[in-house]
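Have a look below at one chain only, the form predicted alone, in structure tokens format.
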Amino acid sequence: MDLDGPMIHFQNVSKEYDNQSALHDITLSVEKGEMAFLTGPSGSGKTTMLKLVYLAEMPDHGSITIAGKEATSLGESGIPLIRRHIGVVFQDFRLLDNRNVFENVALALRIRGIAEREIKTRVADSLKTVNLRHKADSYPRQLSGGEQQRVVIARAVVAEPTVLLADEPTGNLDPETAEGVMRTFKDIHAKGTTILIATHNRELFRNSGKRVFRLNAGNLVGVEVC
């Protein structure tokens, strides 16, 4: 995806659930190739923002532009085309227990009908990125929490997304393991991927030199470089 403007742009975006405001009049941009953070207390709107970027939800007001395409005017047929360029890392892993690491990572490519030879190459490269090639035949229950999270990251990047979203990716991990996961994100970012990470953990972005968007009660209350 080639573009001159921001990779992600929210313009006066609001979202409500059951007449309760989840996000209110949010305007922000994440530039192409940038690594940025969303932070704020639980219920501040971080997950809702990521769902809007991934087009799992649509705003009630305002517009969202992803890679130069206005997502809010795409229609349902256009949503999968945008999603192909977005990888998502969930906090709760969502790995398939009855499939090994290779199969969990390969699944997204199989759904798209990618040739088996290319799948093997891409999965191997993706597992190498997260230092887990030696665990390709292991099952999720045989892995530590940190290893499972790295498999989730491998699954998210195997299709070479332009944008990578992460929702509390270290929320269930000890500090040392969390640091290793963040190193993986930095390695992926170094290859040019735009990354947006939602977290309440200040240690993830302290002294990072990255922009941090602060949310509170659905409002954007500050933007700073930490």
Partner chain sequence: MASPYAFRLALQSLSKDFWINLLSMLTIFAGLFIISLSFFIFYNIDAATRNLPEKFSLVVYLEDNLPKEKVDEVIASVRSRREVASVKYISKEDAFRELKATLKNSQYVLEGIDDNPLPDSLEVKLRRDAMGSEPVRKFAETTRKIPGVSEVDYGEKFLSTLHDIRNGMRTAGILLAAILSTGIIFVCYSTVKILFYRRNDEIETFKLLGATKGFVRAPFLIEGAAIGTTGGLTCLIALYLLHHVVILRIGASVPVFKTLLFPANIFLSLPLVGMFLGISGAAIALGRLKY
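Residue numbers count along the first chain shown, from 1. Take the two forms, find the largest set of C-alpha atoms that superpose within 1.5 Å, and that set is the rigid core. Not measured: the values here are computed from a predicted model.
Below, we turn to the form predicted together with its partner chain, even though it does not appear here.
In summary, the region of this chain contacting its partner chain in the predicted complex, judged by heavy atoms within 4.5 Å and restricted to 140-148, 67-75, 122-130, 95-103, corresponds to 95-103. Proximity of Ala115 to its partner chain in the predicted complex: non-hydrogen atoms within 4.5 Å are absent; the residue sits far from the partner. Interface residue remark: Met58 is not counted as part of the site for its partner chain in the predicted complex, having no heavy atom within 4.5 Å. Proximity of Phe37 to its partner chain in the predicted complex falls outside the 4.5 Å heavy atom cutoff. When contacts are judged by a 4.5 Å heavy atom cut-off, Phe185 does not count as touching its partner chain in the predicted complex. Heavy atoms closer than or equal to 4.5 Å to its partner chain in the predicted complex belong, across 65-95, to the residues Glu76, Pro80, Arg83, Arg84, Phe90, Arg94, ordered by sequence position.
Gly113: CA moves 2 Å or more between this form and the one not shown after rigid-core fitting.
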